[in-house]
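Before any questions on how it binds or moves, here is one chain, the form predicted on its own, in structure tokens.
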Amino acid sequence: MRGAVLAVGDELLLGDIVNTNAAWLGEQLAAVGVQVVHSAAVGDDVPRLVTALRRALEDADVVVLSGGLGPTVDDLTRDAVALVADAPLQRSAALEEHLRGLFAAYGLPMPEANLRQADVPRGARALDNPAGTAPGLRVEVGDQLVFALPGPPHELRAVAAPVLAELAELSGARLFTRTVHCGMTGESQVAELVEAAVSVPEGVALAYLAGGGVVRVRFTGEQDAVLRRLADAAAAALGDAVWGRDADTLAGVVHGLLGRAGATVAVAESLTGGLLGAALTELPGSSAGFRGGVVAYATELKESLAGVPATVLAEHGAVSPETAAALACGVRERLGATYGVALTGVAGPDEQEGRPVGTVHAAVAGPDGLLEVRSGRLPGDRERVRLLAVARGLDLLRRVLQAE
């Protein structure tokens, strides 16, 4: 079964919002046996929407749209779908009652504009939205299917669940994926190691997905047992660069290692400004392993808050391996943690202390004098350097924990 994805909204074309829905839908459709052959973004304009939808239907058996189902005048997806299906919009009494009930339950007056969300192309089926007011739509166009889903990601995913279940049944095929995650290793190096050790059989797709300081090696195919063997072989070839599989997250893996060791961690951050601590507290129950953190942005605070000796700062500067090591040791002692993790560096846009943008020093201090420091230069702009630095700090801690 061939599929197409259309993301609707001027905000996507202008870059105001990143189009994460298309990526998620592509992954989910592939998992239920729908090969995505066409993906596009289109603005809030009925003629352009009609043209884009008709073009997608030339390639695909099923088209999934996201966005444009709200109550305002620029929400035009339902109008375009009605035109392509040659099925005029009709007001659904059941949807109108449902909408009025939702607003009444929250004690809010319902703007009349919201009744647009009760309009459905003739013969179409409304899809329940348990996370918002905009129902999805299931529309048959000849022997093809069009699904229109809400734009907000949490609503789209809620409405998409039964859609994906239906498509899995219709496709008659089920695709599996197995993924190996690794860090602190470049994409080309990962590919070289994997391809020297793994022979990919026909019917299996191999992909390398790099981003956020992580490289994912993904195998996709119809036989899960084969994919497991391939993933095992890839992990063996990559060695200690591998930190997880499939749905694992780096922070989640770190917390699992801390829990098994009965250990805790504290962080001292400079260039990342609290991002490392935020990453370690995203998961429920993180308080079991995370003691706390110090954001010591100003140089003098590295001494007063995190215990970096003044001599270290004077001799080596705030951006140095020595200061990173002292930060890790200091925050570990002051916050009473088993391990201390520190990040210092230059996020940009200007150099600091003569160090170029992207210079990052990560350190982990632990029991019995354990101290590991990794230094390097990370690519990208300010935001990317900061995100990569967080990944580097987490991965260094992960390696230390696994070696204990």
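Quick note: we count residues from 1 along the sequence shown, nothing fancier. All values derive from a computational prediction rather than experimental measurement.
This protein has a second form, the form predicted together with a further copy of the same chain, left out of what is shown; the following refers to that one.
* Please check if T281 has a heavy atom lying within 4.5 Å of any heavy atom of a further copy of the same chain in the predicted complex. => Looking in the predicted complex, residue contacts with a further copy of the same chain include T281, since a heavy atom lies within 4.5 Å.
* To do: Spell out, yes or no, whether the shortest heavy atom distance between G354 and a further copy of the same chain in the predicted complex is within 4.5 Å.
  => Looking in the predicted complex, residue contacts with a further copy of the same chain do not include G354, since no heavy atom lies within 4.5 Å.
* Asked: Does A173 reach a further copy of the same chain in the predicted complex, with heavy atoms at most 4.5 Å apart?
  -> Close contact is absent here: in the predicted complex, A173 is far from a further copy of the same chain, nothing within 4.5 Å, heavy atoms only.
* To do: Examine R100 and determine whether its closest non-hydrogen atom to a further copy of the same chain in the predicted complex is within 4.5 angstroms.
  => Residue-level check for R100: no, no contact with a further copy of the same chain.
* **Sole residue of G277, P135, P121, G213 within 4.5 Å of a further copy of the same chain in the predicted complex, by heavy atom** => Selected option: G277.
* **Contact residue in the predicted complex, from G292, P309, P321, G252 (heavy atom within 4.5 Å of a further copy of the same chain)** => When a further copy of the same chain is considered in the predicted complex, the option within 4.5 Å is G292.
* 366-374, 51-59, 64-72, 338-346: which one contacts a further copy of the same chain in the predicted complex at 4.5 Å, heavy atom to heavy atom? -> The contacting stretch here is 51-59.
* To do: Check each residue of 141-179 against a further copy of the same chain in the predicted complex and list those with a heavy atom within 4.5 Å, in sequence order.
  => Going through 141-179 in order - heavy atoms within 4.5 Å of a further copy of the same chain in the predicted complex - there are no hits.
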